[in-house]
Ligand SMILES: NC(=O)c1ccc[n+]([C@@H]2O[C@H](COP(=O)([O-])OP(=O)(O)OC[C@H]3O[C@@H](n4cnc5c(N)ncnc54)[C@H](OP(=O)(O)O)[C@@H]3O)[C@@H](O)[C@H]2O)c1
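Have a look below at one chain only, the form predicted on its own, in structure tokens format.
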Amino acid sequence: MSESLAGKIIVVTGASAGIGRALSIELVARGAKVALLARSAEKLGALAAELGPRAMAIVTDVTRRDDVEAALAQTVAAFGNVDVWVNNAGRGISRNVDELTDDDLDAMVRDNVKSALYGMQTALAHFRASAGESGPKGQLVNVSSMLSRAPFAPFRSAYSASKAALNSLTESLRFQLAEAAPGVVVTLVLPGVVATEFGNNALGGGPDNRTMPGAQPVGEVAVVIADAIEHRKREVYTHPSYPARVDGYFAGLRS
């Protein structure tokens, strides 16, 4: 593989497992330097050792703004800059709407919306502070879900709602920066079911995504996201069949 992202410095949250881990491996293979953020020191350390000097582990709880800001500072101190910030960390839930508690909804907002907001605000402040004569430059990548567009899994109700909120924040920021900072690209990524332990780690437990029909291999998802970074795309579904499925859902509502 050519080192198509050589020289890029990229922060990936939720890097210790699943999509974040696979993406970090893919980015390093393309020549990037990657700051690996997650809460698990053991898993992060092992991944950083596997990836070598282009990766560094930063133990971070992305639901804490101070942790996120400290991770930026550590990345800049080690690598000199941040070009791309990937908000990938998040968590699912297995609850239908009529089963949700206040705590359930609060957890989904904390883990899937506020954590990404902290990342967006922290990275954007860095892009602005390091801007040259042509203005701020960089890329913000938010990993959402196809479920934010169509409710194909009702038991993921609060998760889907939190990702829909993330979509709206992403699109609002993109619109805001279109004139104010056109050098900053805001990217939305929409995976479907990915063969990771996401389901096992959801509040309320399973089903295990790895056993679900049509689950997309995590390596394929990592390639799509890395391509979106390399080509500075604004929105990508991780599988070519997903846009038609979403469009079909809305066509059915109108029929």
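One-based numbering along the sequence shown. Since the structure is predicted, the reported quantities are computational estimates derived from the model, not experimental observations.
Although not depicted, the form predicted together with the ligand is the subject of the following passage.
With a 4.5 Å cutoff on heavy atoms, S145 counts as touching the ligand in the model of the complex. Remark: N88 counts among the residues lining the ligand in the model of the complex, judged by a heavy atom distance of 4.5 Å or less.
In the model of the complex, no heavy atom of H126 sits within 4.5 Å of the ligand. At least one heavy atom of V193 is located within 4.5 Å of the ligand in the model of the complex.
Across the options 193-201, 226-234, 45-53, 23-31, residues that bring heavy atoms within 4.5 Å of the ligand in the model of the complex belong to 193-201.
Annotated contacts: S40, V62 and N209 all touch the ligand in the model of the complex [non-hydrogen atom within 4.5 angstroms].
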